[in-house]
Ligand code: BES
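Let's start with one chain on its own, the form predicted on its own, as structure tokens.
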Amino acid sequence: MQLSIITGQPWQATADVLALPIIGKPDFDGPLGELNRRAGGELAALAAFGELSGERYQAALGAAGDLSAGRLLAIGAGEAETISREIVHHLGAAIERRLAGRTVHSLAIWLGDLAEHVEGGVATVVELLVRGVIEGSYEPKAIYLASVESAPPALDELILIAPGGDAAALGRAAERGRIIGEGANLARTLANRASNDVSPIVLAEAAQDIAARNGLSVDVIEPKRAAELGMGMFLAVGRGSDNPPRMIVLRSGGAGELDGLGRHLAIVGKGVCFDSGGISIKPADRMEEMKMDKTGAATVIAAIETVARLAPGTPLLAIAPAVENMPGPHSTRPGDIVRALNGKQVDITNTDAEGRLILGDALTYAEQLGATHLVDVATLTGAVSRALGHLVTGAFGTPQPWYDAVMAAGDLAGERYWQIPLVDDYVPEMDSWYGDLQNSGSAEGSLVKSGLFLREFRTKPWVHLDIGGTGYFRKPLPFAARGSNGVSHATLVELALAGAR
């Protein structure tokens, strides 16, 4: 898809569709009034009919009159004081998704006054709109179907209209948005693929392909070597499956090399390719969604590729422990004691609390490989969804300055997080009769305890992002298809790029 920048007026753009973000109730003065006049009063007529209220993501298609565009698409951005980076990103996606099933080869988007309400100005708006359009074009049915009639259009050209802007700078911003959007879509495809399609071995092969095309180093640790290294928690989860586990390690830059901020950053993602719960088996209802339990791994694998495309050679480590959690004759049983990579003896009281086991060994291994700062991302708990819903990711971290640095990256990415406390008073409730700690306890405070468990397996600054509620949507939204949505990918990319030289 070609990206183009127009620094003139929106009525000068030639495209199949011209999209017009409307902030608040439409006011037909200034450029919007001129667009309405050239369209023969179409925008005012849509507003009078109730099709154009300014309500966020409400979109209306109309005739373009004497304009050079084939059609107009007016879309509400909500009230000015509520506009954020997240909203602009979602607007781009909602524009693209509103055109689903239509024949559209070229789309132009007028920035209007969006830049006045977003820190970073015009370049930020361009980047976020492009990223949104790319992510809005994603159609999960296309993974397995040859054609999908209701899919968003595959554009030949996307035009951003920013009157008086710097075309060269905005072109760079647009390309950055494209690359981040493509990375999110890669994460979504890896997460959405069925469990009979993506086993731990297949996920490792996908990582190897990504490494080859981006000049990354890759190491795939098989069970025998994992046992020699002492990854007892990681191996405990995969014992019941005929598909053996793989610890996937991707690296950009040199071993132990520090980035421009003096960090050797490691991003770690939970890769449970299917989670039946093991012996502590899950209910049948919605178990088909458990192919999504590899979303964290998909996210970090995609993120390191995105960083490599934007800033090749930036020091970064991505680790994806990949397993299947299945019942079987060799499955780990509730009450089994396993030795973690850091030497702790862990009492597995619930085999469905498996994500924290594989992440614990992966975090320890990241430190052994030289990581100075850690972020893990995982569909870890259902409790986070009950607490925060499907639009806000729960986050833990220590020390606070490192947590704040990760949240600053999240702000740049336009993604929402909420800090959950690490309450030390709950630690005694995780005591084991026989080991150092147990992996699961009473339901009370279970979300906090999941973070406390992970904290036992790191010594460096660390943040945990629980995308158990936000990693995928159960129904389509105006800005996203059902299924994996790529959440936290952009946050990890922004965090890594902060240290690019």
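Note that this is a predicted model, so its numbers are computed, not measured. Sequential numbering from 1, following the sequence displayed.
Only in words, not in the display: the form predicted in complex with this ligand, which the text now covers.
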Does this ligand come within 4.5 Å of any heavy atom of residue 382 in the predicted complex?
yes
is_contact(residue 376, this ligand) in the predicted complex, heavy atom dist at most 4.5 Å
no
Answer with yes or no whether residue 453 is in contact with this ligand in the predicted complex, where contact means some heavy atom within 4.5 Å.
no
Using a 4.5 angstroms cut-off on non-hydrogen atoms, would residue 440 count as touching this ligand in the predicted complex?
yes
Can you pick the one in 398, 84, 214, 350 that has a heavy atom within 4.5 Å of this ligand in the predicted complex?
350
This ligand in the predicted complex has a heavy atom of only one listed residue within 4.5 Å, and of 293, 135, 324, 361 that residue is 293
Of 298 to 306, 136 to 144, 188 to 196, 351 to 359, which is the one stretch near this ligand in the predicted complex, taking non-hydrogen atoms within 4.5 angstroms as near?
351 to 359
Contacts from 256 to 295 to this ligand in the predicted complex (any heavy atom within 4.5 Å), listed N to C, are 270, 275, 282, 290, 293
